[in-house]
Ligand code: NAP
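Before any questions on how it binds or moves, here is one chain, the form predicted on its own, in structure tokens.
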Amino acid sequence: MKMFIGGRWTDKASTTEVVNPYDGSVVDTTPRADLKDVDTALATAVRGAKAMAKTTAYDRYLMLRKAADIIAGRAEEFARVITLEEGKVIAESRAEAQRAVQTMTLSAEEAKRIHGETVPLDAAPGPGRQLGFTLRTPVGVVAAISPFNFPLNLVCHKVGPALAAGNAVIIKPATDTPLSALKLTEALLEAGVPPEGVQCVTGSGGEIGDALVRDPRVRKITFTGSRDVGEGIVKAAGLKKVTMELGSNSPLIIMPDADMDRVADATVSSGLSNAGQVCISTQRVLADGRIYGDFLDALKPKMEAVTTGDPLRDAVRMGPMVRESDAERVSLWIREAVEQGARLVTGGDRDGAMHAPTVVAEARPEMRVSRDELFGPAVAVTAFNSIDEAIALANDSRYGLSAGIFTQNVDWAMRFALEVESGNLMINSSPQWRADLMPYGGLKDSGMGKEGPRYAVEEMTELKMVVFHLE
């Protein structure tokens, strides 16, 4: 596929292969942009921002609403592309395509709700009569840097609000998974977005990303990815607005009154979804010592029943990781944990990019399977003796994106909500629950700012204060 910059589809002599993680076949190739292409994209986006700022809220609503309809009409095509380039099973890809429809629909609705408010200036001391109100205006050029793991919906979470707010947007999709973003760009152009209002630049983030985020013509950066890359972007960005949705090692607390069968099902689904490559995957399972053994007994057969293989087959529940090197890393961390005293309950095997569903018990906080972001199909189980210890273990992390607890005890649930340091808190659910309309973002090293169309629009606009000084 070609990239879209400068108002036209552009090819390059230098290309990058998009590889199917399951069988290593080449799905397609995309151009490898250079610094000159980035400059072209930025100059075009500046013009596009002026064009988008002149569109009415209703026109932006119509564009995004039509884009949602186009995605819905091509949902199976989008789902197949997601599976081929990213490796998640087709059922999950279909769900992602439907979520993308909702994200774009929500963004369309938010285009009609951008407004300021009156400010009661007479509440301030001092003489005079003033009438004050605020206005929300577009920031201008938004750089949307997206990850590989949700190559359609997470792009929509950036592009939809940016366009709804009247900005121009430059999409930099993940190098491994650019095809979904390019097909989304096609849909947006077909829906009537001005050709200079949206661009999609493909290539190595290391080569072109730095130039994109440093450039003062970009006024807002929205990034989803690893903590280390996010920190580098923030340092390079300078004086511009940023939203950072970074990693996590999400804890799931199991209290003694929880239903073990229900919790085991939730652990499997949230630990193995997309082969564990979800920012809010269940990674650290903290189980009360009184039910620790019962939980492992319930979890082991459910993990072992998960079918793995070709993600295009409907019967397969888990596909490969996006790269073999990532599967190697997961395998290394698991072996390391076992060498340090953890117990391998099930799994641990690897075949290329396919890593078996894995449970590691007796994990300790200092082990990498607990301390860092595993981002793979494995969970680390640790015992605790009280709600105080459970909360302390949950907070014993530099991350804070999402956390969950299973309990029917209201006091425990409220303590969890008030004391656990996380941006998203799930009671009687796994950490991996998200509605696309909710405010979504993390605490600590999990980032700053919020996604969710309503909240993203606020961060992609500037607030201006207007004061009339009356006679």
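From 1 onward, residues are counted along the sequence shown. Fair warning: this is a prediction, and the values are worked out from it, not measured in the lab.
Below, we turn to the form predicted together with the ligand, even though it does not appear here.
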Report summary line: Which of 90 to 98, 72 to 80, 335 to 343, 201 to 209 lies within 4.5 Å of the ligand in the predicted complex, heavy atoms considered? The stretch 201 to 209
Query raised in the report: Taking 4.5 angstroms as the cut-off for heavy atoms, does Tyr440 touch the ligand in the predicted complex?
Result: yes
Query raised in the report: Is there a heavy atom of Arg323 lying 4.5 Å or less from a heavy atom of the ligand in the predicted complex?
Result: yes
Query raised in the report: Given that the partner is absent here, does Ile233 sit within 4.5 Å of the ligand in the predicted complex, heavy atoms only?
Result: yes
Query raised in the report: According to a 4.5 angstroms non-hydrogen atom cut-off, is Lys220 in contact with the ligand in the predicted complex?
Result: no
Report summary line: If we test each of Asp288, Glu85, Glu245, Glu110 for a heavy atom within 4.5 Å of the ligand in the predicted complex, the one that passes is Glu245
Report task. Could you spot which one of Thr224, Ser370, Ser273, Thr185 gets a heavy atom to within 4.5 Å of the ligand in the predicted complex? Result -> Thr224
Report task. Pull the contact list for 300 to 321: residues with a heavy atom within 4.5 Å of the ligand in the predicted complex, in sequence order. Result -> none
